[in-house]
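Shown below, as C-alpha cells, is a lone chain in the form predicted alone; questions about how it binds or moves come after it.
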Amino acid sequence: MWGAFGITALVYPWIVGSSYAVHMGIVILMYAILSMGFDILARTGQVSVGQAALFGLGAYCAVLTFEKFGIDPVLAIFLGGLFAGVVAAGFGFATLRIRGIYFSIATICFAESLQVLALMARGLTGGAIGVSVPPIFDGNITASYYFILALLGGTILVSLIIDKSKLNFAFTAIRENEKVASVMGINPTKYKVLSFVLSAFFTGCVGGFYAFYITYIIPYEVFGIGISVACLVMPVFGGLYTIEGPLLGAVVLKTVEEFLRTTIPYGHMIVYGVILVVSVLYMPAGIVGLVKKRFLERE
C-alpha cells in the first residue's frame, strides 16, 4: 500500500498536468500532515481543539525570521516548526496535567488568545492587515509540491517509528488509563509533552510553508477555528490511532469538499457538514475501522 501511495504521489504532478490539480495536491498534503500531527497527540488521549495556535505560530515565526533576518524561506519554515515545538513544550508542561475536556478548552483558549495578540501587535504582525512575503521557490508550484510531499514523508516516518517502538506502548497505556500507566513506571507528563512537541513541530512547519505558499497571512486565517476543526475531523473520519487513517481522511474530505464547492456554489458547507455527521455516526472507527470490520466479517 505504501509503495503504491509513494509512486502515485511522486508522479502525480506529471500525470495531472494542470496547475490547479497540483495546487489541490499541495492542499491535500498539507492537511494530511496536520491530521497526522493531531493523531500523534491524540495517541496519548489528549484532544486538542487549538491546533491553529501551533499553525499560526509557525506561520508568523517563519515570516518574521525571513523579514527581520533575511533567513532562507526553507530554513524559516523549519524554524517555524521548532518555535511551535518550543511553545508547545512550555504550554504542555503547564496544561497537560489536566485531562479530557479541560485540556481541549485550554487549547482553544490558547489559540484564541494568540489571535487577539497577533491582532494587537500591529508593529510586528501587521495586525488585521497581515503580512505578505515573496512566494517560495519563486512561485514554482511543482517544487512546492515536492517540498510538502517530503515533509509528509518525514511525518509518516515519525509516526511509523512511534508505532513500532516502545513509545506506542507508553502512549496507548496513558490513553487507556493514566493511573495504571504511572504504576507501570510510565511518566504520563513526559510522554504527553513529547507527543505535543512532535505534533507542534509538524503543524508549525505546515504553517510556515502555508505562509510562503500563499504569500499572505492574517491572524483571522492562520489562528482560525477552521484549521483546528479540520485537524480534528480528518483523522477521526479516516481512523484515529492509525498511520493510514489521518492520510485517508485528508484525501477523502478535501476532495469531497472541493467537489461540493465547485458543484454547489451556495450552501455546500451544509452538505459537507451533513456528510461528516452521518459518517461519524455510522463509522465511529473511521474508514480504516470500517475496512477492518468488513475484512474480519469475510474471514
Partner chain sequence: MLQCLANGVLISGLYAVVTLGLTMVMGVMGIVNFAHGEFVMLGAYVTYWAFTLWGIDPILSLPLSAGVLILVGISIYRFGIKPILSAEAFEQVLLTFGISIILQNAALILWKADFRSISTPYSDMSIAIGPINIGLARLLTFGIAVMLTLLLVVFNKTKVGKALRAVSQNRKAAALMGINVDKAYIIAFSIAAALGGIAGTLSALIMYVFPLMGGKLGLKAFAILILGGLGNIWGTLIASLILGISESIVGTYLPQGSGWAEGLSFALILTVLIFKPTGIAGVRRE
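Numbering follows the first chain given and starts at 1. What you are looking at is a predicted structure, and each value in this text was computed from that prediction instead of being measured. For clarity, a rigid core is taken as the largest C-alpha set superposing within 1.5 Å between two forms.
Not pictured, yet referred to below: the form predicted together with the partner chain.
Visitor: Looking at 149 to 157, 111 to 119, 183 to 191, 198 to 206, which stretch has residues with any non-hydrogen atom within 4.5 Å of the partner chain in the predicted complex?
Guide: Looking at the partner contacts, the answer comes out as 111 to 119.
Visitor: Is it the case that Leu276, even though its partner is missing from this view, gets within 4.5 Å of the partner chain in the predicted complex, heavy atoms only?
Guide: Leu276: yes, in contact with the partner chain in the predicted complex.
Visitor: Report yes if any heavy atom of Gly70 sits within 4.5 Å of a heavy atom of the partner chain in the predicted complex; otherwise report no.
Guide: No, no contact at 4.5 Å.
Visitor: So in the predicted complex, does Val229 come within 4.5 Å of the partner chain, heavy atom to heavy atom?
Guide: Yes - in the predicted complex, heavy atoms of Val229 and the partner chain come within 4.5 Å of each other.
Visitor: In the predicted complex, does Ile15 come within 4.5 Å of the partner chain, counting heavy atoms only?
Guide: Although the partner chain is absent here, Ile15 would stay clear of it in the predicted complex, with no heavy atoms inside 4.5 Å.
Visitor: Exactly one of Ile26, Leu64, Leu240, Leu253 has a non-hydrogen atom within 4.5 Å of the partner chain in the predicted complex; which residue is it?
Guide: Contact with the partner chain in the predicted complex is made by Leu240 alone.
Visitor: Are there residues in 40 to 75 with a heavy atom within 4.5 Å of the partner chain in the predicted complex, and which are they, in order?
Guide: Stretch hits, in order: Ala42, Gly45, Gln46, Val47, Val49.
Visitor: Taking the rigid core as the superposition reference, indicate whether the CA of Tyr282 shifts 2 angstroms or more between this form and the one not shown.
Guide: Passes the 2 Å threshold, so yes.
Visitor: Between Tyr266 and Ala52, do the C-alpha atoms lie closer or farther in the predicted complex than in the shown form, with a difference of 3 angstroms or more?
Guide: Between the C-alphas of Ala52 and Tyr266, the gap narrows in the predicted complex (3 Å or more compared with this form).
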